[in-house]
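Only one chain is included here, represented as structure tokens and corresponding to the form predicted alone.
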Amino acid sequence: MNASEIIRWLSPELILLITGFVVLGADLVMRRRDEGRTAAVIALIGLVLALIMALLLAMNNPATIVASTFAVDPYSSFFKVLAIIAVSLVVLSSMDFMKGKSRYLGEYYALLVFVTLAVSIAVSATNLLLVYLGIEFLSITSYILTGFLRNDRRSEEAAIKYFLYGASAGAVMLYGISLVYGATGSTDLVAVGELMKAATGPEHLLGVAAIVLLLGGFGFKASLVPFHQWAPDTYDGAPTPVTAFLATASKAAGFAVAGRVFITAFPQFTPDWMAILGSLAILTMTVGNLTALKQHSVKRMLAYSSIAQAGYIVLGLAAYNPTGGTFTGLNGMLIYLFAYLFTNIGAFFVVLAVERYAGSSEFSTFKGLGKRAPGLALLMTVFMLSLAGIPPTGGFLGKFYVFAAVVEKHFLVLAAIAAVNAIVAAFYYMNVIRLMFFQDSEDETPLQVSSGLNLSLVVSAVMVLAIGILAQPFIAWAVESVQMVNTRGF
């Protein structure tokens, strides 16, 4: 593979890298003149260019591995597109929200570009060392973004808690990698899979131990219970646009890496990691939903809701079917994540609009929103229905595919627990709708929303409905995207 081919295969990542430095340079020139608007525009242009290149590489190009460590295949392309879209919406919503909150907004937008690059590296990694570096790069940039509001004590506290949990999770994951290397002498995922094929007795137990330790890192990013303790306080204290990123693209990266590592490196351990993931799904759904019921803040409720949603998403991996078929589990996970991206980002953006106006995200601030901002209330209704999994939204399609995969694998107890959890979750989602349309507010002042945030909200709502109503193209894309280079079963 010559230099020009390497540049072509790595073009999305190179564009993001260059864009990040250009944003920093532009901020040095324009910092005191436009409060980061130029930096935001440059970041958006770079993200759009990276999105175009990621889509072009995904079309009619054979899957390949660059430098023996970096996969360019339909699976990684799916998550790159997801991350770039998520961060683009975050940038749009931040242009008004972050105005006046910092002197260093160029750094903020540069970090958003770099965090997209981190996701891109992590989801493409085919070597455990690059997996670790990608996740750590993602974590470090996320810590800084979480604590970016330096004069906000809640933001600083959120960043410290996130960092402490992240450092511990990273150490645990690295220890798991060391076990794998000690057992096989390799960190390449395909080589590990071949060498672990005949693992029995002590070697098998060592493999299971490595899987559990690796889950410490992957579960941290995906906010699976019991690796979730950082999420509520971090989501609540971080700037709301950053919270939207952490709850969607960052979470998706955790699932993407877990899927590639377990399917490629541990095919002989599939029953083991499926059982572990099934148990984590039950814990995550139950803890997330029951705790969300007791919250007094919509933002904090959505934080616990995102933990519960991670439990539904991991059902796709827990019901993985390597022989293929309509419901492979993995395709359900991808559909769910794509629908969840627009649903959760949209919900957090409505919270952002209310929070900016009312100064808080308490449930009481949503009373009478249907009168004060009927458009905003209607959009929030769409997002709440999608989170609850009610048709014709994207959330329904995602839940249908992961639930169907669980039933097809005859994990009926797991399916029943997931169904009960979905009913419990519907209660607190519907409660937000009740407050908006059936409760009166003492303040009848109309609520104004910035143009950038409006655009992000409309795009999110349109996509939530499009995924649910015009489902076939998204299903076909997810089915094609489960193909991983050098893996078995596809």
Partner chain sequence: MSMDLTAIPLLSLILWLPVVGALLLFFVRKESTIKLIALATMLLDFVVSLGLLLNWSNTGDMQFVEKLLWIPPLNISYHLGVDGISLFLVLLTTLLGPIVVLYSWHNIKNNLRAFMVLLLVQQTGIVGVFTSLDLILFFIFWEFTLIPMYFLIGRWGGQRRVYAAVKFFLYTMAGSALMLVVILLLYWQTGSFDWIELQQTPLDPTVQTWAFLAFALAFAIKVPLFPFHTWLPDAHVEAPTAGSVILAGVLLKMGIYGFLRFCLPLFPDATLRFAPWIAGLALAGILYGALVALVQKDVKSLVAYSSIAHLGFVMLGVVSLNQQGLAGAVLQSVNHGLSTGALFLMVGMIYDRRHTRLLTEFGGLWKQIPIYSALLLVVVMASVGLPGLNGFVGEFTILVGAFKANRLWAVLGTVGVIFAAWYLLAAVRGMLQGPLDNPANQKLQDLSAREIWVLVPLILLFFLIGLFPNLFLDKINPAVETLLHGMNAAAQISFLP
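Just so it is clear, the model here is predicted, and its values are computed rather than measured. Positions refer to the first chain, counted from 1.
Form predicted together with its partner chain: not shown, discussed below.
J.: Scan F400, Y104, F363, Y357 and let me know which has any heavy atom within 4.5 Å of its partner chain in the model of the complex.
T.: Comparing distances to its partner chain in the model of the complex, the residue within 4.5 Å is F400.
J.: Within 4.5 Å, heavy atoms only, which of A388, I263, I85, L376 is in contact with its partner chain in the model of the complex?
T.: That would be A388.
J.: Decide if the three candidate residues F396, F438 and L470 all line its partner chain in the model of the complex, where lining means a heavy atom within 4.5 Å.
T.: Yes.
J.: How about A415 - does it come within 4.5 Å of its partner chain in the model of the complex, if we only consider non-hydrogen atoms?
T.: A415: contacts its partner chain in the model of the complex.
J.: I'd like to know whether T381 contacts its partner chain in the model of the complex, with contact meaning heavy atoms within 4.5 angstroms.
T.: Yes, T381 sits close enough to its partner chain in the model of the complex that at least one of its heavy atoms falls within 4.5 Å.
J.: Quick check on L195: any heavy atom within 4.5 Å of its partner chain in the model of the complex?
T.: Contact check for L195: no, nothing within 4.5 Å of its partner chain in the model of the complex.
J.: Since only the chain is shown here, I'm wondering whether I423 would be in contact with its partner chain in the model of the complex (any heavy atom pair within 4.5 Å).
T.: Yes - in the model of the complex, heavy atoms of I423 and its partner chain come within 4.5 Å of each other.
J.: Want to guess which of 424-432, 22-30, 50-58, 456-464 is within 4.5 Å of its partner chain in the model of the complex, heavy atoms only?
T.: Every other range fails; the passing one is 424-432.
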